[in-house]
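Let us start with two forms of the same protein chain, each given on its own as structure tokens and named structure 1 and structure 2.
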Structure 1
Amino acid sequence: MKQLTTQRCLLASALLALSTGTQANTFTWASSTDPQTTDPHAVNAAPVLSFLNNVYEGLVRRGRDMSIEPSLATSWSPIEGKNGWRFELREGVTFQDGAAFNAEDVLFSYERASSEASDVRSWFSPVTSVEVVDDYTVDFVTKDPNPLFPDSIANFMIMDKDWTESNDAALPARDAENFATAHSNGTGPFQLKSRDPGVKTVLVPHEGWWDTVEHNLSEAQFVPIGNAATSVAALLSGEIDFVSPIPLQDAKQVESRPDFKVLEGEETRVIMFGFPHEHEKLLDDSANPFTDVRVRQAAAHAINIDAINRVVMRGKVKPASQLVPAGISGFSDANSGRPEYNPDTARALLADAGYPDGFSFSLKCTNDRYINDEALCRAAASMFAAVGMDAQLTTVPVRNYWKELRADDFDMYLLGWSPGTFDAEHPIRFLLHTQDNEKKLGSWNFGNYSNARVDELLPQIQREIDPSARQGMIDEVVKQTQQDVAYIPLYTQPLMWATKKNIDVTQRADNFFILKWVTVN
């Protein structure tokens, strides 16, 4: 184990214990995946970003309701005379090693995070340059007007220039380790005390944190537990205080015990089926029926979402009509109807399209990526079969899944999408725009749905400053793609957390676990 404790920290925490005299609250929480690294720019993955949000901070941050609020920047506004945003930085902020925070650190972090070695560089693709105006003012200059930019960098975490450079970690490590992989020095409310990857990571409060402390923890320990049944057992035995996620079907058991509670919420991830819009043939070499919109409509009408919700998802999900759920910016009720479940309509549509006896196709799903994904696909396959669409189900672990989808190895596939920017533009960019490697668009549009009008609207949506004009364009895209049945949106994935009854936590829709909102009663 790597002890990071410096004498200074020890002394500080000892002083704190003396001065406040409160009881020591050690909080232990578990999740299924260990953050791979403590480098905030090396991996753009939820377990890493979620964990590091407790240690590092960005210019802006998200509140309990996901709204954007000031963090290391106190305010931001469009730069006059140029495209881009000016950020006024907070004064008096110190990193956990005591160094002061200023504009140099922002510039350095931008350079690091947008370097080729970084996995988060896509956040900065609209940025042409970053200019330090003075010690506490920074300009992010963009190619076009970019109203969404501040919202899109909530997870862009600021590192200390001196600390990172003097520890030879000026670039994120890609295929080797560097100092920042297992050490950290942020401005956030907690700092790393020790880290034993895959076993246990210990955090303690950062005494010099600039914001008001709301938690009452003296230490927080994170343990990864991969097996879902084991993690529920660990909670029920009292060894851990909190676990996320728990299997939907275990919620009843946890709730039935007096000392525990379950927190249910809605994630922003929409689960959907995708089609091979562009394939000439199915995998079995027959003609591709899904190019006919009536067949895609039939598939949508074949799904009994209420039955799936009741049995497979234990009544915990909300049916979805669009690729983003309500509550995401850019969502509107204008297009919130979804195709009703009606096997007869489905059969009639299939007959119309020239498939009165149905056809056989291959349905590809993950079995370890989304909640109850395998059971969902089995249920869907049997619903498709009931209208004559004979689905041959293949379930694949996620480590093989994307590769096979990119190789067009599917006739219909399962996908879950969570808009990283919490805006409706995100799925248009990744799932609806025609595949275009050069412009880096449509990179997750595996079936290559392609509609010229959608492609035309995307850049306009990205540039548009006027909210109602923007909403109008988004609504047009949604309507168009619903008519085309580009995807069949199924439901919003639920969040299911479990904790001891005496602990208060805040569940945020991005499924991040934020320690500063934990109180032990």
Structure 2
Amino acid sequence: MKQLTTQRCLLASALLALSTGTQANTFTWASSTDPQTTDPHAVNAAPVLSFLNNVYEGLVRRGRDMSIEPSLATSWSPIEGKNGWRFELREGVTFQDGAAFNAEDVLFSYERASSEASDVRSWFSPVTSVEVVDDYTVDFVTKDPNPLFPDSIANFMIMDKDWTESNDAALPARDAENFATAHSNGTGPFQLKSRDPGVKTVLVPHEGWWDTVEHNLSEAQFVPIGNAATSVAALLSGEIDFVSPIPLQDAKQVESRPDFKVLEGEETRVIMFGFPHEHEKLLDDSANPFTDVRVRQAAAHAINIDAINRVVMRGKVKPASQLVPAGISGFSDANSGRPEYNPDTARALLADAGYPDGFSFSLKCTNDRYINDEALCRAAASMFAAVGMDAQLTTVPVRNYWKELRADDFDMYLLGWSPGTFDAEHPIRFLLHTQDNEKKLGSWNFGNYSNARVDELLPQIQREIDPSARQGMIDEVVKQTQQDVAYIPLYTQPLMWATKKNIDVTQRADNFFILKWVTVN
């Protein structure tokens, strides 16, 4: 068993008290989506990963500007004589129960996160093994050279082996519950005080945290508020200090109040529609028309993205042509055009595919995950109907959504995707590669789009070092998947945060809310 380091915790507590003074600052923030679990390997979704980045830590982390920086590893370098990366671990780090962190926790967390029970196992598709060199050195061995690997594990959170195993949580519980679902023991700047799912979750500072404390919070309370108008009212009444996102139509109202401010930006998340590529039948038991590329092309031409931007999104979004936005590494300038809005072309394509009178299908969307997601889907359903595609819209809370998509309970679905590596390889691996559990690929490819050439190019993209050659392969993937209409990219989601003026926060492009950068003035 690892030794408790009580003296170190007490010293850190004293230093924290000196650095923050005696003032108690309770900070309350709200969002539309409650993190459905506190297990860092159970759900690969931004609301979960964003929240848990305050409690758990990885070998590396992203800074305010999204750059990769040391965390539980102090440095990393290619392994001499074989493919992969060696991570030198930080000594003197303790988990929130006082247990010491070392290499056995990294190996255990890798085995847990890469297991079939894990929802984050695709992060480790390039890895063949993890080898403990000594207590503070770990090698991640990969099939091929993989220059992106350190960036790809920024959200790989390390759990304490002893704590997890002793609480019967050795494997993640993606669609069930275990002790780690509602309890935590990380090395991060905050620790879980109480958890009432769907109501309130309370965090307090981890006084034994190894890093420099920049915040001045004594307690942080998270409350999920599903109704957008209610969240704005709670902010303006002073019940909460911060809310994300706010309705686009309420931004001016909040900005007009002297004690509040709006932080506006562009997220790296592309909003899109996905298809049931491999389903033989629709949910109504009729033949699946979306297996015909002409029908998918028709759906793309039916979407008036300018009208959606103007009416639903208040002019705040940028149209998307591919699964990453412009500015992300690997964005294909050669394929930056999107299908034009043309209802006549859509109708002609449907007729040519054998559907001159159109057809009905089920459109499944969230109603609390993305900005104006339900309104977006209602607008899109009307556009589909105008060309003969009768979309029967069903909207559900995100807490139920992923289970339904994994159960193939959809004919078309809404998805938003932000590349965890800030590189185009990320959505190719998760959304475009054929589903392959053994290789840990295609884990969010719900419709199981499959193209042999895309599958062939992915490992080459992962190991290619020459920027020009790599971009050429990404361009080929983008061109091929656009021709196949693997998805319909719609737009890049805006960032709309609101807070009291005496609160300082950092707005990152991945829409993660990081408490360690919050100060109350």
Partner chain sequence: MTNFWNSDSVWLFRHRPTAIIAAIVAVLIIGSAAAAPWIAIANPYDLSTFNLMDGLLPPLWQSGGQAQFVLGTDDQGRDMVSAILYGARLSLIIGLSAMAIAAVLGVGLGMSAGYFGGWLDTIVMRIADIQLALPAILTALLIDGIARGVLEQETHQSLRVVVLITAIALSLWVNFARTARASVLVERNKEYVQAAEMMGQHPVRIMSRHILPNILGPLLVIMTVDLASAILLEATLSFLGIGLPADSPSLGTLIRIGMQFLFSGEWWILWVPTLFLVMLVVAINLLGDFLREVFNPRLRR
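Keep in mind that this is a model prediction, so the values were computed, not measured. Sequence positions of structure 1, starting at 1, serve as the residue numbers.
- The form predicted alone appears here as structure 2; structure 1 is the other form of the chain.
- Hinge location among I240, D97, T128, E266 for the rigid parts moving between structures 1 and 2, by C-alpha fit switching from one part to the other: E266.
- The smaller of the two rigid parts turns by 26° against the larger between structures 1 and 2, as judged from C-alpha superpositions.
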